[in-house]
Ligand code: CP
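Form predicted on its own, single chain, as structure tokens, below.
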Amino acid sequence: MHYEKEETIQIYQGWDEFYAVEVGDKLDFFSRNGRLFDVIFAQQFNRSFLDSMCNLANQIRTLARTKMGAQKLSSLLSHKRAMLYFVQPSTRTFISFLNACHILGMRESEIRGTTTSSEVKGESQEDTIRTFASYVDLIVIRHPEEGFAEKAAWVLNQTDRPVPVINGGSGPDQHPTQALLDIYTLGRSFENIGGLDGKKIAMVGDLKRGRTVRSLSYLMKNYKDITLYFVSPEVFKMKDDIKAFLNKHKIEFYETDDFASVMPKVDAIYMTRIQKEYSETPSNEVDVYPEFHFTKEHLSTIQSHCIIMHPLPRRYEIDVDVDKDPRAVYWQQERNGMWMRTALITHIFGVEDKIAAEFN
């Protein structure tokens, strides 16, 4: 059985069979005409794409500074509609996608819980997604179920109305657009010291269930001489699938529970919170772990150019006193998400050349 988009792509007999296929063997299914159609995995992004997205995000934020530029941006996709299907709590990802749509002139609909859709009446997830596709040109999904965004794209790509699906966070598995904005943040932070190549990055906290650090780890294969330090309690160590990926691509990494010894070595520290929402008994799980917190006192131990990142929301893991230090870039990181997601939507609809024309 085959599905005709612009090219012939194999379709498997059922979702379970397709889901079991290695990610690298099914990436073409989510592309069309040699470019991204659905954005599901961080593994879909190569170095050329990452560099072009960072450049495009810079161009968009430059245009948006003026009234005339903002008007040009808002005319690009004023004929398109988006559905923001966010049934897992979200602040930053939802607002950044919402404002990305606004910047490009898109009209948007939103559902923030399954109790407000016909799923409460027993409608299947597949039928719910197909209903959305009847009305909109893009679906952005944030869902607690691992693989849900991939399943939505798989369903729609077998219909006569496949619309692009963007994974806005898929359980504890992946968060590809967060990885994009993290690369953008790292690139902007290091643009005067050689870029991201050759840098040492510490990822700290709940690495087992932190989809942001998992997705960002996949992207390290696109850069030269990267070294990763996985700093976590034993119970929250990075899963073996990520470590196998890094070994396959010969990316150096170390695992430790000694945060203090790592701080002076690295160029970036990526803090994460304990992901209690994925605990079997969240009320009983310890979530403080002070030895994995970044405090004001630590500012004197890190390098002068070392940046501190966090996908937010934070709890105890970064003192608010750290916010005033110029190396704390998590608030810029948050805003970068809006620009990068705007760039991504621009790419999906193939109008990036109209933005580039403004700079030629």
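The first residue of the sequence shown is number 1, and the count goes up from there. The shown structure was predicted, so the numbers you read here are calculated from the model rather than taken from an experiment.
Missing here is the form predicted in complex with this ligand; even so, the following discussion is about that form.
K.L.:
Since the chain is shown here on its own, which stretch among 186-194, 170-178, 143-151, 213-221 would lie within 4.5 Å of this ligand in the model of the complex, judged by heavy atoms?
P.N.:
Contact-bearing stretch, as computed: 170-178.
K.L.:
Identify, from the list Met53, Ile302, Leu63, Leu312, the residue with a heavy atom within 4.5 Å of this ligand in the model of the complex.
P.N.:
When this ligand is considered in the model of the complex, the option within 4.5 Å is Leu312.
K.L.:
Using a 4.5 Å heavy atom cut-off, which residue among Asn247, Ser90, Thr227, Ser74 comes into contact with this ligand in the model of the complex?
P.N.:
For this set of options, the contacting one is Ser90.
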